[in-house]
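Heads up, the chain below is alone and in the form predicted on its own; it's given as structure tokens.
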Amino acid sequence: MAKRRKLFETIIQFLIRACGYSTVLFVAAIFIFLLQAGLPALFEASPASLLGLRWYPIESLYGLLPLLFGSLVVTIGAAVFSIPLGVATALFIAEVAPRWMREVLKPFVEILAGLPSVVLGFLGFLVLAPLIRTTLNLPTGLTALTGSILLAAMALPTIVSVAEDALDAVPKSYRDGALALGATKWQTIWRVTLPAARSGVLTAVMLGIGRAIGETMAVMMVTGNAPQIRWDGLFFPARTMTATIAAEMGEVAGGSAHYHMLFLVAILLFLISFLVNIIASSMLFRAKKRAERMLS
């Protein structure tokens, strides 16, 4: 019986390790494939062309800056809208709302997180874009601002759900201790509960930003898809890297310069996502070390 149990535990440990190693291998295989298909673009286009301000593959103009600018503007706009609202909503659900309201709001938020992005993009195209056009008196409602608001709405459920779980995991003794020392409820929330859940809240924020960076269909439907750089670009059409790949990959000739250029854009997206994850991991590690020092 003991030998059978030991054999069973050995098999389980092997499977767990195999799953862990396979995840790393899958990521490495994806990156190698992207490098194989995207690096030839560096030899088919000059650095001046890659750093140009025009993306027009028909004329062999492959300027990446407008695509980077569009992704940056839309993502930053989505973060500005979603992070404060998401954290505040999580604080309300976890610390302020009564139990019956929390039991209603939490499943509702999780349902919103499961909505297909194309449905939200369709609603943004029919409702949000005309509203922004008429409210701000713009030539078109298909702007970077529309994409930012829509991406914020898509990132909100993730931020709220993960941040609320982190806040709920803070021990009740922390709150009781702060209240016993004379702190008000809001002082306890702001100076005790939220700092104690800092690592989980940062994880929620990074997951929300990660979804905003990688979103494709909704952004392609509401941003106007115009590769341009404007200092007031939030109120004019823009084009993101993900939308460029989705819009052009189906019609590009395999092995052409345009084909390799799209994979180069995918490499940039991969590196940006990897950088966001590294920053999130470093912030979580620092927060964990700070908490350990405080407890010791």
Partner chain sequence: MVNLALAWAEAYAEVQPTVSISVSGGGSGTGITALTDKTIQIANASRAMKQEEIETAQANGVDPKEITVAGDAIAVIVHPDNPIDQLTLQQVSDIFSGKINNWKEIGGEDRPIVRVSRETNSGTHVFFLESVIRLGRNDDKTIFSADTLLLPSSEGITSEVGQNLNAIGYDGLGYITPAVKMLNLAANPAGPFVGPSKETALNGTYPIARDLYMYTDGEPTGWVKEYLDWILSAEGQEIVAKLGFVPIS
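Positions refer to the first chain, counted from 1. Bear in mind that the values here come from a model prediction, so they are computed numbers and not experimental data.
What follows is about the form predicted together with the partner chain, which we do not show.
The partner is absent here, but in the predicted complex a heavy atom of L138, alone among A97, I76, L138, A183, sits within 4.5 Å of the partner chain. Interface residue among L234, A247, L268, L65 relative to the partner chain in the predicted complex, by the heavy atom within 4.5 Å criterion: A247.
Contact check for G200: every heavy atom lies farther than 4.5 Å from the partner chain in the predicted complex. Remark: F125 counts among the residues lining the partner chain in the predicted complex, judged by a heavy atom distance of 4.5 Å or less. Although the partner is absent here, G177 sits far enough away that none of its heavy atoms falls within 4.5 Å of the partner chain in the predicted complex. Contact check for A166: every heavy atom lies farther than 4.5 Å from the partner chain in the predicted complex. Heavy atoms within 4.5 Å of the partner chain in the predicted complex are found in exactly one of 98 to 106, 153 to 161, 221 to 229, 189 to 197, that being 221 to 229.
Within 4.5 Å of the partner chain in the predicted complex, a heavy atom is found for all three of I58, L61 and P130.
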